[in-house]
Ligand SMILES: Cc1ncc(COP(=O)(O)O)c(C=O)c1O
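This document starts with one chain, in the form predicted on its own, laid out as structure tokens.
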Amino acid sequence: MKIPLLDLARKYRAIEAALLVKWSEVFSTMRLLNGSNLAAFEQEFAAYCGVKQAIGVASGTDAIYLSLLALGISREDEVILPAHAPAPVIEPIVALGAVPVLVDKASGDYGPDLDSLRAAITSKTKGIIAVHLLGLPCDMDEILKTAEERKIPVIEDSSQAQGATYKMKRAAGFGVITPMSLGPVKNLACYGDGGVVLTNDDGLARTVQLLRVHGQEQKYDHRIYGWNSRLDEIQAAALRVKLPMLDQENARRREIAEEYSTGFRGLPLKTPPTFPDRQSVYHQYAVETPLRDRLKIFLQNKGIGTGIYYPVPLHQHAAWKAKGQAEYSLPEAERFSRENLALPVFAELRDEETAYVVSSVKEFFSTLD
């Protein structure tokens, strides 16, 4: 049996007819930018997430960049983020000339270690990025409490958590601004690059709206200098087709995750953490084991695709060292990078495929006896 880590074609085939209708409508008008689909998607997604404003942009990286820019973060300002995050989270900080400050991963959670977070705050700290990793929301109450004590804005990166909930509320809008990627592999995904910025702050929303179109109030009326970052009509139309299915697909991901966690009971590995007040959407289902590399090869030989999220923490990247950034010892982030292995968990996975993954993982550990 051949099971990829992710199969985008299965989803496409299921909704191809609806997509072609929407795309045909777009091409019949040739309104490719700033049209009715973008406006409708922004309204629909803001309502889905329970926030006042959604602003479509060209990518998740742009979403973070424009969020930081709207908050006035600039050269020499410090921005705190977790070391076990993906590289695109750090790139906008570097691009603005700000200083990235890394904190360790919490033990037993995907969010930041709170002691590490508190210790990282200085008089130069102008932002904290909370990353909802692998579909699981961070412990936002504690992060917000820490930030509010020092009056530091929280930027809530929800790129891997579309539809996830924290204390019965969508994982968006807890911080002052929520950048989100909608790229091809996300739970809610474009067929190309795309992103969105969510906020309950009308002033921040207005600033991001200006920034994404070169700072123009109207054509050639530049109120500020901005950027070119627009979510086009083709992608907005696709997102509108997919959004009504998101909760059902996330529920299916949770079913698969439950089958895995039940099947792996008694094995010498860690399954993803769960919390009664947080509902994951399992963007990835990652087990943790010191035997990660051997397990990966074994599953590959069984035809099962896997992934690592992420194999190198930010402070060990060549790019980090080339910039002459600070040296860190962050043991939990480093351990997680060595031991995590993601298994297939996309919504279109069939029951027999899930069972095959479970039996294959069990078979691997049985060979160690």
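All residue numbers are counted from 1 along the displayed sequence. All of these numbers come straight from a predicted model, not from anything done at the bench.
Just so you know, the form predicted together with this ligand exists too; it's not on screen, but the next bit is about it.
This chain is drawn without this ligand; in the model of the complex, the residue among Gly226, Pro272, Gly173, Pro86 with a heavy atom within 4.5 Å of it is Pro86. Contact annotation: of the candidates Gly56, Pro313, Gly60, Pro344, the single residue with a non-hydrogen atom within 4.5 angstroms of this ligand in the model of the complex is Gly60. When contacts are judged by a 4.5 Å heavy atom cut-off, Ala147 does not count as touching this ligand in the model of the complex.
Mapping the unseen interface onto this chain, Glu233 falls outside it, with no heavy atom inside 4.5 Å of this ligand in the model of the complex. Contact annotation for Pro112: none of its heavy atoms lies within 4.5 Å of this ligand in the model of the complex. In the model of the complex, no heavy atom of Leu295 sits within 4.5 Å of this ligand. Residues placing heavy atoms within 4.5 Å of this ligand in the model of the complex fall in a single listed stretch, namely 61-69, out of 39-47, 334-342, 296-304, 61-69. Residues Asp157, Ser159, Gln160 are the ones in 142-167 with at least one heavy atom within 4.5 Å of this ligand in the model of the complex, listed in sequence order.
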